[in-house]
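The chain that follows stands alone, in the form predicted on its own, written as structure tokens.
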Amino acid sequence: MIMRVARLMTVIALIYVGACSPTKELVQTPYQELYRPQYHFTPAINWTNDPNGLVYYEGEYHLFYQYNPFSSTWGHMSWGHAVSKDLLHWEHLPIALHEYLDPRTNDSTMVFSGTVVIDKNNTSGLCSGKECMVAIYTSHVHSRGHTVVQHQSLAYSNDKGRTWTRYDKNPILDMELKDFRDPKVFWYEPEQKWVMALVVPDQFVVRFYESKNLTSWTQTGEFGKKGDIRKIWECPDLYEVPVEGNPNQKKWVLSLSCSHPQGLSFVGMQYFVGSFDGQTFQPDESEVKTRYVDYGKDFYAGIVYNNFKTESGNPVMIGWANNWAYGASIPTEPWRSAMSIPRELSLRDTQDGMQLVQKPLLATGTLKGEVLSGNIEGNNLWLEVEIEAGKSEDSGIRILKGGIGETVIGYRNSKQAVYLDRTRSGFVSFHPDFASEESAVIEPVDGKIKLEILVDESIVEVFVNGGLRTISDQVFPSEADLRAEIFGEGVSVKGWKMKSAWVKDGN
């Protein structure tokens, strides 16, 4: 209790002085610091953003990510690197690809987002044996703070990603554009070739390219100017997804980052469902509807794993759990930003067409610990909430409640919308755009709304009606904000305390 009060007073003091983050003197044991997620991925120190190069190889899930080796704010973009046996427990590895300074011109080249593939047949000729790992990424060349060009480069590894060699004939694709980035590459089995999708951000266009060897690329088509075009497009991905209830039916999904459904000040993700003929993507809908991947403000740049699907054939996506609007100001130290829980993807055939469904990776359930009965308390929880629609106009659950705040997750019957309200979630004053309420319209199923809520210190992910809608938000409660309580009629809850994936004894 003494520790809780001390940390609560720390937060109150920070709010009082208007600080943006706890001072370094307040940092405690690594991976037990204030607001440190316990079962989401975070770097040990410094800034991170987009996940990159997600790939499975020889028993390891690789997570590369945009990383600043020198600071907890954006800059000097390089590829951080971690590996896992189960997508939950991570081992940090040395930086894979560093920012490069040209000694001839003093121009700096940062390593922006990209892909890692397994070149199983040595199509590139760069593998020392039958196969190797190949990274294709955007080189962001800038001089005196101004972008010169963005082009695509290649590096390869013959030791399972531990060391990397830059291709000596880079760049492999250069259109001499200032904004031309975020390649996603995958093997297209029907035509025995590699396919690349990447964006021209300010033109709202995804371009598709093909290659037999990963080093020479030819454009085959493009898709664009559909859906949400209020903000630049970034981080495209193209993948096949099975339809629920029909394992033999699959559709192609094109997802990418864009503006947020609730305002231009924020960023989010949208997706399109359709077909891919090896040349270009074609949406199923003649009148393309705007569909969002997540309705919270803290899910961006999500991509799926290469060389891996679940036993049911579902791709797995990880996204960045932060937002550019306030990302550099969140009150965490010595790290800044986290990744989402890995999500298994499927499609559901609804009255409103094919829609993306997201569920927490099945293995996440292995971290469920103590079953909570009676009073539900804690900062690391898995909650299952069932709401009988129509019993009350507003009903749901208040979590992380007590002290100076609460986070409210509920269902408004008249609007048929699930919402997450973080306006009183504790420490919200560090940025004027942070305090907010997000919502997603969804109809009850058999008269009920079902919520799976994952609470992890400073991250809340809500999966609605089996994952047909998701809301992901950061919150920064005081240490005393531990209780949960239901409100409204017709609400029931089950809960589990989640074990830490970082602390060795799991406590």
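Numbering starts at 1 and runs along the sequence shown. Remember, it's a predicted structure, so these values are computed and weren't measured experimentally.
Not pictured, yet referred to below: the form predicted in complex with a small molecule.
Mapping the unseen interface onto this chain, F112 counts among the residues with a heavy atom inside 4.5 Å of the small molecule in the model of the complex. At the 4.5 Å threshold, heavy atoms of L356 stay clear of the small molecule in the model of the complex, well away from it.
At the 4.5 Å threshold, heavy atoms of N46 stay clear of the small molecule in the model of the complex, well away from it. In the model of the complex, the small molecule sits within 4.5 Å of a heavy atom of M77. Note on the interface: of 289-297, 160-168, 177-185, 376-384, the segment with non-hydrogen atoms within 4.5 angstroms of the small molecule in the model of the complex is 177-185.
Checking E457, E461, E438, D50 for any heavy atom within 4.5 Å of the small molecule in the model of the complex turns up a single hit: D50. This chain lacks the partner; the member of A321, I399, V116, C235 within 4.5 angstroms of the small molecule in the model of the complex by a non-hydrogen atom is C235.
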